[in-house]
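So this first bit is one chain, no partners, the form predicted on its own, shown in structure tokens.
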């Protein structure tokens, strides 16, 4: 079905409301955006508006250059980060940023979330990367745009693609996730927070725990995402 601004706003509102419902945000923290790649537009939560007061018509439409297209409110302060990622990654249609507790704790510690168990391996085959802390030149420039640059450069430096991994921590800041749909991006934010919590608790119990061995990582990742994946139900041919 062809997207229009009304449907884009409704999807964006619904996905934004999933964040407080999932316990990922409080007050005005966080935002979800939903892209229409054909028209090079996306809807995003307005800046500083409480989730309790949010309405579908409040969502703001901007283009991939962060220019306002439709809306009476200011878009999220993170709009330029979302725009940069949409413009540089061709297959994503949803981006989420939160300040969820455990993911932010790892970001503030400036540490990757290590691969410690099969729950992590069910979702990705690598540690969850944390960027380096932003330079003063980047902070003093176009800060939100540079946050997008920082995310892309981190993945390039680690030889990871946005398709291989759909979550990252921005050092000192917090998590960003993305997906082929906005719903998947929200799902990834929920999973990221749980993996961050599990890793933290594991390291409290045993600070010397080793990284999960490669054979278990491969088994759990491939059974869900590989060419011969067998997790879940087969899709109906009807």
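This structure is a prediction, so every number in the text was calculated from the model and none was measured. Residue numbers count along the first chain shown, from 1.
There is also a form predicted together with another copy of the chain; it is not shown, and the following applies to it.
Contact check for residue 110: a non-hydrogen atom falls within 4.5 Å of another copy of the chain in the model of the complex.
Not displayed here, another copy of the chain is kept clear of residue 84 by more than 4.5 Å at the level of heavy atoms in the model of the complex. Among residues of the shown chain, residue 225 is not one whose heavy atoms approach another copy of the chain to within 4.5 Å in the model of the complex. Taking non-hydrogen atoms only, residue 154 never approaches another copy of the chain to within 4.5 angstroms in the model of the complex. Using a 4.5 Å cut-off to another copy of the chain in the model of the complex, not one of 66, 91 and 179 places a heavy atom inside that distance. In the model of the complex, another copy of the chain lies within 4.5 angstroms of at least one heavy atom of each of the following residues of 116 to 155: 116, 117, 118, 119, 122, 123, 133, 134, 135, 136, 139, 143, 144, in sequence order.
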